[in-house]
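Taking the form predicted alone, here's one chain by itself in structure tokens.
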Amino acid sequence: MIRLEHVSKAYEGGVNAVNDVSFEVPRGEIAILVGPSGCGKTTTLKMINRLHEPASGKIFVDDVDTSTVDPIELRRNIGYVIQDVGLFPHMTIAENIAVVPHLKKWDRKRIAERVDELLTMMGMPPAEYRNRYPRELSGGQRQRIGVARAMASDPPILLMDEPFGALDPITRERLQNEFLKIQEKLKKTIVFVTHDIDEAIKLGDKVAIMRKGRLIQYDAPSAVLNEPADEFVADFVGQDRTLKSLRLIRTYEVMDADPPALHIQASAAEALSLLSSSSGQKYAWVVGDARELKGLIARKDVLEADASGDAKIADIVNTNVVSVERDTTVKDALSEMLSYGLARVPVVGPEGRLEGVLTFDSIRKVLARIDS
């Protein structure tokens, strides 16, 4: 889909910002350009949509040499997201999103439908947000609108220059997770610049490590972590490679499936039967009709509530339960567990259905496998 062949770029004074860079991004994959400041990653990104022109080498999109394409037309078919978003302050959110569709002369009905579709996709109800202005949004919300605007005309390619770099860690992680969910559905071809190796490992199908304008290693995240090309890559990745590897594993891959569960309308007698001392079970998850997670019940709570078994689980269930989604990385799930002091965390799928439980023991087994 995107191919760079021996691309170089020099600025005045003969400084090589990019030096003989070659790599290919297959259709529907995310390539992350990462490296220290001044390594050439943003310059490389901007050459793809001809905001910068290469001094030498060629760039192809769908096997078409981009130097033969009108740059304005090229950019209208490539979504572009930058760190400070660049929303037009005098335009509403709907008008900001609609900029490129207007330029491409879409009709009003189609534009309105696309704006509402994207706002919904970004978790921002259209009726609430379409007529607001950028100044009325938080930084994370503005960043979502920046992504929505880049996707408005449904371009096959997205270029993203540190889109989450200015956000606080919690918002950043949330948007990273939402971004991956959207990508799972849309399968865009994406080139993404970051200075954060953790972000690169988490988001990329391929990771390009750059230094002083050169591409040092272009590989799958697992290979970058476990088979660094040289000492620079090893140092840049850091000493905690084992923990970083947990970003490559999703909770559904290592969770204990089919954990003990009770219907919320079950009786205390049924709970005690499941949580008998002979069974070794001290707790059970509580679910609804569609196995949606409702909370947690412990054996001691049932005994304290009604030893005769007349009480209902609905009356004594602990509904204040932290959960993680099935596609959450094990690294992020472990962070949640440590933050809340949990020895286990339920794993939920679509509609909040209970699918499994992640425990420290299951994480230890993963770490042992990685280190072996």
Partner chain sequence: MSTFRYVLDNLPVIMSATARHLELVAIALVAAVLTAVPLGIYITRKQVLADIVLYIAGVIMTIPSVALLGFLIPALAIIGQGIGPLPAIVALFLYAQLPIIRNTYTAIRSVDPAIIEAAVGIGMTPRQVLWRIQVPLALPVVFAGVRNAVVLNIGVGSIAALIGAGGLGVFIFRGIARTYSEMIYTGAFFVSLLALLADFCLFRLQRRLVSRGLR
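We call the rigid core whatever largest set of C-alpha positions still superposes within 1.5 Å between the two forms. These numbers come from a predicted model, not from an experiment. Numbering follows the first chain given and starts at 1.
The same protein has a further form, the form predicted in complex with the partner chain, not shown here; the description that follows concerns it.
*Asks:* Select from the listed residues Ser273, Asn131, Thr120, Thr242 the one whose heavy atoms reach within 4.5 Å of the partner chain in the model of the complex.
*Replies:* None of the other options qualify; the answer is Asn131.
*Asks:* Would you mind picking the one in Ala220, Ala269, Ile82, Leu186 that has a heavy atom within 4.5 Å of the partner chain in the model of the complex?
*Replies:* Only one listed residue qualifies here, and that residue is Ile82.
*Asks:* Using a 4.5 Å heavy atom cut-off, which stretch among 329-337, 42-50, 342-350, 315-323 contacts the partner chain in the model of the complex?
*Replies:* That would be 42-50.
*Asks:* Any of the heavy atoms of Ile72 lying within 4.5 Å of the partner chain in the model of the complex?
*Replies:* Residue-level check for Ile72: yes, a contact with the partner chain.
*Asks:* Is Lys212 close enough to the partner chain in the model of the complex to count, meaning some heavy atom within 4.5 Å?
*Replies:* Taking the distances in the model of the complex, the answer for Lys212 is no, it never comes within 4.5 Å of the partner chain.
*Asks:* How about Glu292: is it within 4.5 Å of the partner chain in the model of the complex, going by heavy atoms?
*Replies:* Result no; Glu292 lies far from the partner chain in the model of the complex.
*Asks:* So, Arg144 and the partner chain: in the model of the complex, are they within 4.5 Å at any heavy atom pair?
*Replies:* Close contact is absent here: in the model of the complex, Arg144 is far from the partner chain, nothing within 4.5 Å, heavy atoms only.
*Asks:* Counting only heavy atoms, which residues in 102-121 are within 4.5 Å of the partner chain in the model of the complex?
*Replies:* Read in sequence order, the residues that approach the partner chain (within 4.5 Å, in the model of the complex) are His102, Leu103.
*Asks:* Relative to the superposed rigid core, does Asn77 relocate between the shown form and the other one - that is, does its Cα move 2 Å or more?
*Replies:* No, its C-alpha moves less than 2 Å.
*Asks:* Quick one: once the rigid core is lined up, does Pro155 have its C-alpha move by 2 Å or more between the shown form and the other one?
*Replies:* Where the cores coincide, Pro155 shows only a C-alpha shift between the shown form and the other one that is less than 2 Å.
*Asks:* Once both forms sit on the same rigid core, is the C-alpha displacement of Tyr252 at or above 2 Å between the shown form and the other one?
*Replies:* The answer is no, as the C-alpha of Tyr252 shifts between the shown form and the other one by less than 2 Å after core alignment.
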